[in-house]
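Before any questions on how it binds or moves, here is one chain, the form predicted on its own, in structure tokens.
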Amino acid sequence: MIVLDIGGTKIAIARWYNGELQDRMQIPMPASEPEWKKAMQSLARQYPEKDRLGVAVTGSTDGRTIKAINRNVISFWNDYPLAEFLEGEWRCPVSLLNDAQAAAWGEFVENAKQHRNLMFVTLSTGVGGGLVLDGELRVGHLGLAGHVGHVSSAIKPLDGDRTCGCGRLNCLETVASGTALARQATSLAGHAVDAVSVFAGFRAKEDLAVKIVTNSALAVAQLIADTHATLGIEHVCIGGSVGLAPGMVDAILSAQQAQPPLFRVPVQTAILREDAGLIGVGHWISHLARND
């Protein structure tokens, strides 16, 4: 089987064999639909497949099409007939799963299924999430279940109220995503600052960077507490480029101390790191095949 992870900034692909990735490759996510189609056609030639293509993908999916949640991330990504297009290129069946849901399943399997109520939070270009409850992945009829990036946050962005690209006000994504960190830093510093520089400043204990990262960590900690109160999660895995940045999980753990003990949940860095989506969709399709 071939596994594919299509995100806001990158595309990763690999062969999935006996529960492991082989021949992994990654390219930047093209900005336009014509460039993206060319990239997919090139990957189909390099990674031919006869059996099945498993795809972890940003956005919500009904298994055939993709809907952009934040339409500012991928401009052409709303109601896109993704499965049909990929089936035409690979000439095999295609299974689609939201990337954060795939990552949640991957973390569940790789953690030896010891946490039957697990949440995965990806802090990256945007913010996403996935839930495994009672040992079952929650997908939802629109593929939206667990998408915590678009839950409104009581912890507001430091540069003021923001309408998210999804249309809601002050979503977690407007506070804690890489895009949000860069936007807040740029607005408050008065010059362009990217997320990498924010974290460099955070580790150097620069005041503005510390305030921005600490505020985003407070928002994530509150989201975890709210989800625990609602669903009784036992464990949280943090991934994505921002989530994996040195210091971010420690900041979230520190921010949890503002919550009463009842609402604190164990938090760890995703053990699958940047490959959580790829590995997760491989495990998910294998799980479906065993249960057919």
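So that there is no doubt, residue numbering starts at 1 and follows the sequence shown. Everything numeric in this text was worked out from a predicted model, so none of it was measured.
Note that the form predicted together with a small molecule isn't included here; everything after this is about it.
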{"property": "Residue among Val151, Ile155, Val73, Val210 with a heavy atom within 4.5 Å of the small molecule in the predicted complex", "result": "Val73"}
{"property": "Contact check for Thr122, Thr125 and His147 against the small molecule in the predicted complex, heavy atom at 4.5 Å", "result": "yes"}
{"property": "Contact segment among 224-232, 249-257, 55-63, 41-49, judged by heavy atoms lying within 4.5 Å of the small molecule in the predicted complex", "result": "55-63"}
{"property": "Interface membership of Asn98, the small molecule in the predicted complex, 4.5 Å heavy atom rule", "result": "yes"}
{"property": "is_contact(Glu173, the small molecule) in the predicted complex, heavy atom dist at most 4.5 Å", "result": "yes"}
{"property": "Contact of Val267 with the small molecule in the predicted complex (heavy atom, 4.5 Å)", "result": "no"}
{"property": "Any non-hydrogen atom of Val236 within 4.5 angstroms of the small molecule in the predicted complex", "result": "no"}
